[in-house]
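Given next, in structure tokens, is a single chain: the form predicted on its own.
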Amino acid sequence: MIRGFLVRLGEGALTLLVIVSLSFFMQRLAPGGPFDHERELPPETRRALEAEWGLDRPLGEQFLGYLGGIFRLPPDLKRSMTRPDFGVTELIAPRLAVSLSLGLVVLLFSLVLGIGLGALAAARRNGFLDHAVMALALLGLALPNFVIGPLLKWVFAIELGWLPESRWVSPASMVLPVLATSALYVAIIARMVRSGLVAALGQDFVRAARARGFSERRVLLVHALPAALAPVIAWLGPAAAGLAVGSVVIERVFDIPGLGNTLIDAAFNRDYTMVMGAVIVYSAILIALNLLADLLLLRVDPRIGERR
């Protein structure tokens, strides 16, 4: 298990290096730059700015210099090119906190509701509740959040006035973004749990539990459900990483000052250092949570480690 963990850790570090490299060179090769404005800068001013930020050096030298900064302790993510009075870390930290809070609330809500609905559907297999839950799950899968978000905002905030339109400042302002973001995740979890439980309920260990006289509720929740959660845990790594750094669409729709919103603004402004900082944070969280999901999966089903 330790050897497998170290291998996965090495793979994660290599993946992060590849992502950083691709992001760096793709930005430099894209048209435009951080000093391209509606009003053309005088040539001497542009040369001075490029020299200040090292953009006049060869591309390979710029890349090695940037790598040297991010692999220090603590990492140096440079200053923002469009807001040079602030460091990238200083600007990202509060926005990451907002995205993390959104992701955590959505994840907990999705797990509780998705597992509950999936277990309910499996317990009432082929009945009305089963078909109703699966129909709702199909609807959640079919409707993207860029449709659900504006629709919820228009109905419950603009037309009915029951909830705030935007921001992330109070429990009431969190309701619509959480509902819009979690619809897909609730649907996926409910379907996986239902499928896993239906398969687990036909296994020998479940029949043995029933033969020992345990109630159907205990058989379902204590014996079958842990086995059914293995696919959910495997899926949880990338899903949690996406939630941890927020939904770009939802942050835009509800004007949430999270990291996704910041990344879009930085990309439009060609703020190289801010884009790189956001990409590094996104990637590091994704890799770390995938690794954590693997460890949790080994905990739930140690046979996975034996097969690897």
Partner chain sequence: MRSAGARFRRHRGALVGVLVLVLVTMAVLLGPALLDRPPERQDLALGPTAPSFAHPFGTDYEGRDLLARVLAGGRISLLVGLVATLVSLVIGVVWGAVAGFVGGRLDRLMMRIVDVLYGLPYMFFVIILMVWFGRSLVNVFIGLGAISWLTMARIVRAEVAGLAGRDFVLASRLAGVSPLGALLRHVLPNAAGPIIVYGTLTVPRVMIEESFLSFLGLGVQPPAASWGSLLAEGASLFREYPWLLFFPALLLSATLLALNFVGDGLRESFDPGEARR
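These figures come from a predicted structure and were not determined experimentally. Positions refer to the first chain, counted from 1.
There is another form of the same protein, the form predicted in complex with the partner chain; it is not shown, and what comes next is about it.
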Site test, L6, W53 and T273 vs the partner chain in the predicted bound form, non-hydrogen atom cutoff 4.5 Å: no
Could you tell me which stretch in 211-219, 68-76, 151-159, 225-233 has residues with non-hydrogen atoms within 4.5 Å of the partner chain in the predicted bound form? 151-159
The listed residue (V178, V198, L111, L129) that reaches within 4.5 Å of the partner chain in the predicted bound form by any heavy atom is V198
Answer yes if any heavy atom of Q27 is within 4.5 Å of a heavy atom of the partner chain in the predicted bound form; otherwise answer no. yes
With the partner left out here, check for me: in the predicted bound form, does some heavy atom of A293 sit within 4.5 Å of the partner chain? no
Would you please decide whether R252 lies within 4.5 angstroms of the partner chain in the predicted bound form, comparing each non-hydrogen atom pair? yes
Contact test in the predicted bound form: R194 vs the partner chain, heavy atoms, 4.5 Å: yes
Looking in the predicted bound form, the residues of 9-35 with a heavy atom no more than 4.5 Å from the partner chain, listed in order, are E11, T15, V18, I19, L22, S23, M26, Q27, L29, A30, P31
